[in-house]
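Only one chain is given next, in structure tokens, and it is the form predicted alone.
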Amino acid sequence: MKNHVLRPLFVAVGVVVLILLAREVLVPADFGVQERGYMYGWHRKGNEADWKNVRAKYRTTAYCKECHQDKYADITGSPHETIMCENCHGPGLAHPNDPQSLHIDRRRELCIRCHFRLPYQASGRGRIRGVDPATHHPEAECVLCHYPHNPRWTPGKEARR
């Protein structure tokens, strides 16, 4: 075989050997597929105890419903039903022990993420009622006029479900 064929082959073999050596040096010996299989099993066996001590910051709507049944009833069946409480209220890890830890996000940008008017209707997102944030009361927070738990509800009127 000619040198112009062998040289790239040697370079490729050298790169593979370097990658295998780097893996041997950098990747811990206990890293690999564990009992849970290929999909969820990739982790270090040695730090499983560390991960067991990690507490989830989010508790889901089911947790909020226990104390805030009125808000849960308002959002159930509304267009915002699929939005988790903690999307706007923040993670509920320290709540209710530390009520100050919940920061309610009332920024317009949070609402505009879904309610910015799209010029096309090609997706489900396009069917959401939209506004032009530059002209639709740009100085005000959305919650001043809209009830976020049920946007169909208007102060002084019965909620439409």
Partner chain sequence: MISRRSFCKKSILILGGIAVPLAALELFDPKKLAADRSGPSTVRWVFLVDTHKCVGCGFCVKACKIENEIPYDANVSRTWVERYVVTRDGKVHIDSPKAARDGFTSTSIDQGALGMLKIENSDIDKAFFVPKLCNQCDNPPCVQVCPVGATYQTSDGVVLVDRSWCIGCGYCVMACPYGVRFFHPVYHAAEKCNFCYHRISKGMKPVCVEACPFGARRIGNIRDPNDPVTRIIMTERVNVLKEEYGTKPQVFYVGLTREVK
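Since the structure is predicted, the reported quantities are computational estimates derived from the model, not experimental observations. Residue numbers count along the first chain shown, from 1. If you superpose the two forms and keep the largest set of C-alpha atoms that fall within 1.5 Å, you have the rigid core.
Just so it is clear, the following notes concern the form predicted in complex with its partner chain, a form of the same protein that is not shown.
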message: Is R36 part of the interface with its partner chain in the predicted complex - any heavy atom within 4.5 Å?
response: yes
- prompt: Given that the partner is absent here, does A73 sit within 4.5 Å of its partner chain in the predicted complex, heavy atoms only?
  reply: no
message: I'd like to know if R106 sits close to its partner chain in the predicted complex, meaning any non-hydrogen atom pair within 4.5 angstroms.
response: no
- prompt: Is T135 close enough to touch its partner chain in the predicted complex, meaning at least one heavy atom pair within 4.5 Å?
  reply: no
message: Using a 4.5 Å cut-off on any heavy atom, which residues of 107 to 126 would contact its partner chain in the predicted complex?
response: L110, I112, R113, C114, F116, R117, L118, P119, Y120, A122, S123, G124, R125
- request: Return yes or no for L102: a CA shift of at least 2 Å between this form and the one not shown, with the rigid core superposed?
  value: no
Threshold 2 Å Cα movement between this form and the one not shown for G130, core superposed: no
